[in-house]
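Given as C-alpha coordinates, the chain that follows is alone and in the form predicted on its own.
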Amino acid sequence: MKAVLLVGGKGTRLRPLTYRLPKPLIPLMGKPLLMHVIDSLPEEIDETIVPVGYMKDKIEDYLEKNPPRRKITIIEEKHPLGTGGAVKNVEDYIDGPFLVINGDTVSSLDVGSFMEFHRKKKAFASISLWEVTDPTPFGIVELEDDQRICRFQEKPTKEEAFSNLANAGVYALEYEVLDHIGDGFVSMEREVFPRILDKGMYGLTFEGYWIDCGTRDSILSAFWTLMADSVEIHDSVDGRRGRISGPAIIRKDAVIGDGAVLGPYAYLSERTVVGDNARIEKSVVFEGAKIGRECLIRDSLIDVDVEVPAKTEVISTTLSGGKSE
(Lines give C-alpha, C1' and ligand atoms only; values in the text may rest on other atoms or scores of the structure.)
Protein backbone atom coordinates (compact mmCIF):
# COMPACT_ATOMS: atom_id res chain seq x y z
CA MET A 1 0.00 0.00 0.00
CA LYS A 2 1.21 3.49 -0.86
CA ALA A 3 1.21 6.66 1.22
CA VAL A 4 1.47 10.17 -0.21
CA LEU A 5 3.29 12.52 2.16
CA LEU A 6 2.37 16.17 1.64
CA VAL A 7 5.33 18.43 2.36
CA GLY A 8 4.56 21.30 -0.01
CA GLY A 9 4.80 24.93 0.93
CA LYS A 10 7.66 27.18 1.92
CA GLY A 11 6.96 27.34 5.66
CA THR A 12 6.67 31.12 5.56
CA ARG A 13 5.37 31.36 9.14
CA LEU A 14 8.57 29.69 10.34
CA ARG A 15 10.98 32.11 8.68
CA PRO A 16 13.87 32.76 9.10
CA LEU A 17 14.30 29.10 10.08
CA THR A 18 12.86 27.93 6.76
CA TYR A 19 15.26 30.08 4.76
CA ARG A 20 17.91 27.59 5.87
CA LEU A 21 15.99 24.34 5.53
CA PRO A 22 12.51 23.17 4.44
CA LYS A 23 9.87 22.74 7.12
CA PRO A 24 9.85 18.89 6.86
CA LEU A 25 13.52 18.86 7.96
CA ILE A 26 13.05 21.01 11.08
CA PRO A 27 14.44 18.91 13.95
CA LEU A 28 12.03 17.70 16.60
CA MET A 29 13.55 15.75 19.49
CA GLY A 30 16.61 14.91 17.41
CA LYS A 31 14.99 13.93 14.11
CA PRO A 32 13.17 15.86 11.37
CA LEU A 33 9.40 16.30 11.31
CA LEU A 34 9.42 14.27 8.09
CA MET A 35 10.84 11.23 9.87
CA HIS A 36 8.38 11.45 12.75
CA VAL A 37 5.61 11.03 10.17
CA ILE A 38 7.33 8.29 8.17
CA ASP A 39 8.19 6.34 11.32
CA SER A 40 4.52 6.45 12.40
CA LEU A 41 3.39 4.50 9.33
CA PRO A 42 2.62 0.78 9.75
CA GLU A 43 4.53 -1.95 7.93
CA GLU A 44 1.63 -2.27 5.51
CA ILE A 45 2.84 0.93 3.85
CA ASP A 46 5.59 -0.35 1.56
CA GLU A 47 6.25 2.91 -0.30
CA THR A 48 5.97 6.56 0.64
CA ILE A 49 5.59 9.02 -2.24
CA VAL A 50 6.77 12.53 -1.47
CA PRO A 51 5.86 15.37 -3.89
CA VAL A 52 8.41 18.14 -3.27
CA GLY A 53 8.98 21.62 -4.64
CA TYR A 54 10.72 23.90 -2.12
CA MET A 55 14.31 22.83 -1.31
CA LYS A 56 13.82 19.45 -2.96
CA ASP A 57 17.58 18.91 -3.07
CA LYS A 58 17.91 19.21 0.72
CA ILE A 59 15.17 16.66 1.35
CA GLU A 60 16.73 14.28 -1.18
CA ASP A 61 20.15 14.75 0.40
CA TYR A 62 18.81 14.02 3.88
CA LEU A 63 16.99 10.85 2.78
CA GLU A 64 20.03 9.64 0.88
CA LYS A 65 22.21 10.00 3.97
CA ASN A 66 19.52 8.70 6.34
CA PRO A 67 17.53 6.10 4.38
CA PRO A 68 14.25 5.08 6.08
CA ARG A 69 13.26 1.46 6.50
CA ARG A 70 10.81 1.66 3.60
CA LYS A 71 10.97 2.80 -0.01
CA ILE A 72 10.76 6.57 -0.52
CA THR A 73 9.97 8.04 -3.94
CA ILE A 74 10.57 11.78 -4.40
CA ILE A 75 8.50 13.44 -7.15
CA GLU A 76 9.27 16.98 -8.25
CA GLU A 77 6.42 19.45 -7.94
CA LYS A 78 7.47 22.30 -10.21
CA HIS A 79 4.61 24.59 -9.22
CA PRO A 80 2.38 24.70 -6.12
CA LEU A 81 -0.55 22.36 -6.72
CA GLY A 82 -2.46 22.36 -3.43
CA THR A 83 -3.25 19.23 -1.44
CA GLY A 84 -5.43 17.69 -4.15
CA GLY A 85 -3.21 18.70 -7.04
CA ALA A 86 -0.16 17.21 -5.31
CA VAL A 87 -1.96 13.87 -5.02
CA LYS A 88 -3.16 13.98 -8.63
CA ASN A 89 0.40 14.75 -9.75
CA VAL A 90 1.60 11.36 -8.41
CA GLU A 91 -1.37 9.36 -9.73
CA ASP A 92 0.87 7.14 -11.88
CA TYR A 93 2.60 5.84 -8.74
CA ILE A 94 -0.64 4.80 -6.99
CA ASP A 95 -2.13 1.38 -7.74
CA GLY A 96 -4.90 0.88 -5.20
CA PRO A 97 -6.32 2.25 -1.95
CA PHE A 98 -3.82 4.71 -0.49
CA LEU A 99 -3.03 6.99 2.39
CA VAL A 100 -2.47 10.76 2.33
CA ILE A 101 -0.79 12.38 5.32
CA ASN A 102 0.43 15.88 6.09
CA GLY A 103 4.18 15.91 6.59
CA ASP A 104 4.28 18.72 9.15
CA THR A 105 2.03 17.33 11.85
CA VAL A 106 2.85 15.06 14.76
CA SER A 107 0.13 13.11 16.50
CA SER A 108 -0.72 10.04 18.56
CA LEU A 109 -2.97 8.65 15.82
CA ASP A 110 -2.55 4.90 15.36
CA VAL A 111 -2.39 4.91 11.57
CA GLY A 112 -2.83 1.15 11.32
CA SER A 113 -6.07 1.30 13.34
CA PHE A 114 -7.23 4.21 11.19
CA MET A 115 -6.72 2.17 8.03
CA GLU A 116 -8.62 -0.74 9.57
CA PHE A 117 -11.47 1.66 10.42
CA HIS A 118 -11.58 2.73 6.77
CA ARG A 119 -11.83 -0.87 5.61
CA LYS A 120 -14.50 -1.88 8.12
CA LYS A 121 -16.67 1.07 7.14
CA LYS A 122 -16.17 0.22 3.45
CA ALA A 123 -15.61 3.93 3.04
CA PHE A 124 -14.84 5.79 -0.14
CA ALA A 125 -12.72 8.16 1.96
CA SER A 126 -11.91 8.44 5.65
CA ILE A 127 -10.52 11.41 7.57
CA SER A 128 -8.77 11.58 10.94
CA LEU A 129 -10.43 14.06 13.29
CA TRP A 130 -9.26 15.99 16.34
CA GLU A 131 -11.48 17.76 18.85
CA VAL A 132 -10.50 21.43 19.20
CA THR A 133 -11.66 24.20 21.51
CA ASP A 134 -11.52 26.86 18.78
CA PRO A 135 -12.64 25.59 15.35
CA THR A 136 -12.09 28.87 13.49
CA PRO A 137 -8.57 28.08 12.10
CA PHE A 138 -9.60 24.64 10.84
CA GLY A 139 -11.75 22.68 8.45
CA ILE A 140 -14.43 20.97 10.53
CA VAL A 141 -16.93 18.17 9.95
CA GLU A 142 -20.24 16.97 11.34
CA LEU A 143 -20.67 13.25 12.00
CA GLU A 144 -23.75 11.08 12.02
CA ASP A 145 -24.16 8.38 14.68
CA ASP A 146 -22.35 5.79 12.54
CA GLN A 147 -19.38 8.18 12.08
CA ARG A 148 -20.36 9.01 8.54
CA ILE A 149 -19.51 12.60 7.58
CA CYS A 150 -22.57 14.63 6.60
CA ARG A 151 -21.17 18.19 6.38
CA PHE A 152 -17.93 20.10 5.85
CA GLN A 153 -17.04 23.65 6.77
CA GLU A 154 -13.72 25.45 6.22
CA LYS A 155 -12.47 27.93 8.83
CA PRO A 156 -15.86 29.05 10.15
CA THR A 157 -16.50 31.98 12.42
CA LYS A 158 -17.38 31.04 15.99
CA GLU A 159 -21.01 31.84 15.24
CA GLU A 160 -21.06 29.68 12.09
CA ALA A 161 -19.27 26.64 13.49
CA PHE A 162 -21.52 23.59 13.81
CA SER A 163 -18.82 21.28 15.19
CA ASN A 164 -15.48 21.23 16.98
CA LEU A 165 -14.13 18.18 15.10
CA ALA A 166 -11.19 19.39 13.02
CA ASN A 167 -9.60 17.71 10.03
CA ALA A 168 -6.35 16.23 11.42
CA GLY A 169 -4.69 15.71 8.04
CA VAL A 170 -4.60 11.92 7.57
CA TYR A 171 -6.79 10.47 4.81
CA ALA A 172 -7.47 6.89 3.73
CA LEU A 173 -8.73 6.97 0.14
CA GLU A 174 -9.97 4.51 -2.41
CA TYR A 175 -8.19 4.58 -5.74
CA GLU A 176 -11.30 5.98 -7.47
CA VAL A 177 -11.00 9.21 -5.49
CA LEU A 178 -8.34 10.19 -8.04
CA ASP A 179 -11.07 10.41 -10.71
CA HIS A 180 -12.60 13.30 -8.76
CA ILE A 181 -9.44 15.42 -8.61
CA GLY A 182 -8.92 17.85 -11.46
CA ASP A 183 -5.61 18.99 -12.90
CA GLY A 184 -3.69 22.04 -11.71
CA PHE A 185 -4.07 23.65 -8.30
CA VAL A 186 -6.75 21.75 -6.35
CA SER A 187 -7.64 21.76 -2.67
CA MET A 188 -8.55 18.33 -1.35
CA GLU A 189 -10.38 19.86 1.57
CA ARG A 190 -12.30 22.65 -0.18
CA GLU A 191 -13.00 21.05 -3.56
CA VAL A 192 -12.60 17.27 -3.59
CA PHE A 193 -14.13 16.23 -0.27
CA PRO A 194 -17.43 18.12 -0.76
CA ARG A 195 -17.63 16.57 -4.24
CA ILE A 196 -17.39 12.99 -2.95
CA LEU A 197 -19.37 13.44 0.27
CA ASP A 198 -22.33 11.37 -0.96
CA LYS A 199 -20.09 8.43 -1.89
CA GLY A 200 -19.44 7.46 1.72
CA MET A 201 -17.00 9.45 3.82
CA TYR A 202 -16.26 8.63 7.43
CA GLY A 203 -14.37 10.31 10.26
CA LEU A 204 -12.34 8.78 13.10
CA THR A 205 -11.58 10.80 16.21
CA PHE A 206 -8.61 9.93 18.40
CA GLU A 207 -7.13 10.94 21.74
CA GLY A 208 -3.65 11.89 22.87
CA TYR A 209 -2.11 14.75 20.95
CA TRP A 210 -2.19 16.40 17.54
CA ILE A 211 0.07 19.33 16.64
CA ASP A 212 0.25 21.15 13.32
CA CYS A 213 3.87 22.34 13.38
CA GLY A 214 3.45 25.45 11.24
CA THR A 215 4.57 28.16 13.68
CA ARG A 216 7.28 28.71 16.28
CA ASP A 217 4.76 28.26 19.09
CA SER A 218 3.48 24.97 17.67
CA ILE A 219 7.02 23.63 17.17
CA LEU A 220 7.76 24.45 20.81
CA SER A 221 4.49 22.80 21.83
CA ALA A 222 5.50 19.65 19.96
CA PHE A 223 8.78 19.52 21.90
CA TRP A 224 7.02 19.94 25.25
CA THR A 225 4.40 17.33 24.38
CA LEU A 226 6.97 14.70 23.39
CA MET A 227 9.25 15.54 26.32
CA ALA A 228 6.39 15.12 28.82
CA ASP A 229 8.00 15.23 32.30
CA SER A 230 11.44 14.03 31.21
CA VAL A 231 14.70 15.22 32.69
CA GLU A 232 17.55 13.80 30.60
CA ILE A 233 21.18 14.90 30.83
CA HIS A 234 23.74 13.15 28.65
CA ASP A 235 26.78 11.74 30.46
CA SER A 236 29.09 13.87 28.32
CA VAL A 237 27.59 17.18 29.44
CA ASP A 238 30.37 19.42 30.74
CA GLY A 239 29.69 20.98 34.09
CA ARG A 240 26.16 20.51 35.35
CA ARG A 241 26.97 23.51 37.47
CA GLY A 242 23.73 25.22 36.68
CA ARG A 243 20.25 24.67 38.08
CA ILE A 244 17.91 22.50 36.04
CA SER A 245 14.14 22.61 36.47
CA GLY A 246 12.42 19.84 34.57
CA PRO A 247 11.15 19.04 32.10
CA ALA A 248 14.54 19.46 30.41
CA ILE A 249 16.69 17.53 27.95
CA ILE A 250 20.40 18.24 27.46
CA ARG A 251 22.10 16.35 24.65
CA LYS A 252 25.66 15.14 24.06
CA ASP A 253 28.64 17.48 24.56
CA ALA A 254 26.60 20.45 25.77
CA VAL A 255 28.36 22.87 28.13
CA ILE A 256 26.57 24.60 30.99
CA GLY A 257 28.15 27.60 32.73
CA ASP A 258 28.19 28.40 36.43
CA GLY A 259 24.88 29.70 37.73
CA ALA A 260 22.97 28.98 34.52
CA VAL A 261 19.26 28.20 34.96
CA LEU A 262 17.65 25.76 32.53
CA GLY A 263 13.92 25.13 32.44
CA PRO A 264 11.23 24.55 33.02
CA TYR A 265 10.98 23.26 29.45
CA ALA A 266 14.42 23.58 27.96
CA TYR A 267 15.85 21.48 25.14
CA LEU A 268 19.58 21.82 24.43
CA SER A 269 20.87 19.97 21.37
CA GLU A 270 24.36 18.54 20.89
CA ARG A 271 27.37 20.85 21.32
CA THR A 272 25.39 23.78 22.64
CA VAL A 273 27.09 26.17 25.06
CA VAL A 274 25.30 28.12 27.78
CA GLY A 275 27.24 30.91 29.46
CA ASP A 276 27.49 31.72 33.16
CA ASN A 277 24.26 32.93 34.80
CA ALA A 278 22.25 32.62 31.58
CA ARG A 279 18.62 31.55 31.80
CA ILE A 280 16.79 29.39 29.23
CA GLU A 281 13.13 28.53 29.68
CA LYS A 282 10.43 27.24 27.32
CA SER A 283 13.00 27.33 24.52
CA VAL A 284 14.88 25.03 22.14
CA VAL A 285 18.54 25.53 21.28
CA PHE A 286 19.78 23.66 18.21
CA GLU A 287 23.22 22.11 17.56
CA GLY A 288 26.32 24.20 18.12
CA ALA A 289 24.52 27.35 19.24
CA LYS A 290 26.19 29.49 21.90
CA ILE A 291 24.26 31.46 24.51
CA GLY A 292 26.31 34.22 26.11
CA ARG A 293 26.60 34.88 29.84
CA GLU A 294 23.63 36.49 31.60
CA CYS A 295 21.33 36.02 28.59
CA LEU A 296 17.61 35.42 28.99
CA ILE A 297 16.06 33.09 26.39
CA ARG A 298 12.31 32.52 26.71
CA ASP A 299 9.68 31.02 24.36
CA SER A 300 12.21 30.98 21.52
CA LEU A 301 14.03 28.86 18.94
CA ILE A 302 17.79 29.36 18.59
CA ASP A 303 19.01 27.83 15.33
CA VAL A 304 22.13 25.84 14.51
CA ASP A 305 25.45 27.61 15.30
CA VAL A 306 23.80 30.92 16.23
CA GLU A 307 25.77 32.96 18.77
CA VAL A 308 23.76 35.11 21.18
CA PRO A 309 25.85 37.93 22.69
CA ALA A 310 26.19 38.29 26.46
CA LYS A 311 23.33 39.95 28.38
CA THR A 312 20.89 39.64 25.46
CA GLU A 313 17.18 39.03 26.01
CA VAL A 314 15.50 36.83 23.38
CA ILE A 315 11.75 36.63 24.00
CA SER A 316 9.24 34.88 21.71
CA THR A 317 11.65 34.93 18.76
CA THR A 318 13.36 32.66 16.25
CA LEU A 319 17.05 33.42 15.76
CA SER A 320 18.58 31.87 12.65
CA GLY A 321 21.39 32.50 10.23
CA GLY A 322 19.09 31.52 7.36
CA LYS A 323 18.59 34.29 4.80
CA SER A 324 16.25 34.83 1.87
CA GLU A 325 17.80 33.95 -1.48
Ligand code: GTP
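What you are looking at is a predicted structure, and each value in this text was computed from that prediction instead of being measured. Throughout, we count residues from 1 along the sequence that is shown.
The same protein has a further form, the form predicted in complex with the named molecule, not shown here; the description that follows concerns it.
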property: Contact segment among 247-255, 124-132, 102-110, 223-231, judged by heavy atoms lying within 4.5 Å of the named molecule in the predicted complex; result: 102-110
property: Heavy atom of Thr83 within 4.5 Å of the named molecule in the predicted complex; result: yes
property: Heavy atom of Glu77 within 4.5 Å of the named molecule in the predicted complex; result: yes
property: The named molecule contact in the predicted complex: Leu319, any heavy atom under 4.5 Å; result: no
property: In the predicted complex, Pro51 touching the named molecule (heavy atom, 4.5 Å); result: yes
property: Residues within 4.5 Å of the named molecule in the predicted complex, restricted to 21-45 and counted by heavy atom; result: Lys23
